[in-house]
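Only one chain is included here, represented as structure tokens and corresponding to the form predicted on its own.
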Amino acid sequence: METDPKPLVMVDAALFTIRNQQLCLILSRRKEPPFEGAFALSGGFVHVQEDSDTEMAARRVIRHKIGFDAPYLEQLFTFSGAARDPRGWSVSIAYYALIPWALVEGNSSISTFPVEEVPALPFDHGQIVAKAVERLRGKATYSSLPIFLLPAEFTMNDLHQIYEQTIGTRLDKASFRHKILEQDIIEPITGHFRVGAHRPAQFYRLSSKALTPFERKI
């Protein structure tokens, strides 16, 4: 008796960073067919003997690509069908991750593209990217999400810029500061300031490593 062929099961991850004050997507060239040599998302098959779930598979794929675990990772959507992969009917559980640029700067195996300038991608990676950008920008307006693009210590100005760059719009500084402080998601680092041409800028850090939703939009 013939049995139906099993679908290919994989994970794909859209990795975001901030570079040159722009929200960018991290891509790398595929080393194997199909689409060998094309820029693509970080992805791979689920390893049944190794991965306890798809999140572990996604984290494994990301570690292999950038050398460490992503500071923030979230499941995005499930993409499936007979046409998305020339190797056969497939299911991809897609994720998106946020990575501070300082952690990947100098990694010669990756390339970055502003999200408005992403090249044509193989499979259905273009659809995955579009959905990830929509989720990221929408969620950034009402949560602590953009902070995961910053190093562990940052100034209020750093935080203001990262929110503007992630959301893609200008934010009034005074209003932003008030809204952030009332959320109680950051805490000042006592005695730690950035010294420059202007008055010293207080350094802050996250109060909690967990994603925090806001009561109202930024």
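For every residue, the number given is its place in the sequence shown, counted from 1. Because the structure is predicted, anything quoted here is derived from the model rather than measured.
What comes next is about the form predicted together with another copy of the chain, which does not appear here.
Looking in the predicted bound form, is another copy of the chain within 4.5 angstroms of a heavy atom from every one of Asn20, Pro71 and Ser108? Negative, none of the three is within 4.5 Å.
Just to be sure I understand the contacts: of Met156, Ile185, Ile167, Val46, which is the one whose heavy atoms reach within 4.5 angstroms of another copy of the chain in the predicted bound form? So the residue touching another copy of the chain in the predicted bound form, by this definition, is Val46.
Interface stretch in the predicted bound form with another copy of the chain - options 53-61, 22-30, 170-178, 187-195, non-hydrogen atom within 4.5 Å: That would be 53-61.
Quick check on Pro114: any heavy atom within 4.5 Å of another copy of the chain in the predicted bound form? Taking the distances in the predicted bound form, the answer for Pro114 is no, it never comes within 4.5 Å of another copy of the chain.
Close approach of Ala82 to another copy of the chain in the predicted bound form, 4.5 Å, heavy atom: Flag for Ala82 set to yes.
Answer yes if any heavy atom of Gln127 is within 4.5 Å of a heavy atom of another copy of the chain in the predicted bound form; otherwise answer no. Answer no; every heavy atom of Gln127 is more than 4.5 Å from another copy of the chain in the predicted bound form.
Taking heavy atoms and a 4.5 Å cut-off, does Val91 contact another copy of the chain in the predicted bound form? Because a heavy atom of Val91 falls inside 4.5 Å of another copy of the chain in the predicted bound form, the answer is yes.
Does anything in 6-43 come within 4.5 Å of another copy of the chain in the predicted bound form by heavy atoms, and if so which residues, in order? Contacts from 6-43: Lys6, Pro7, Leu8, Val9.
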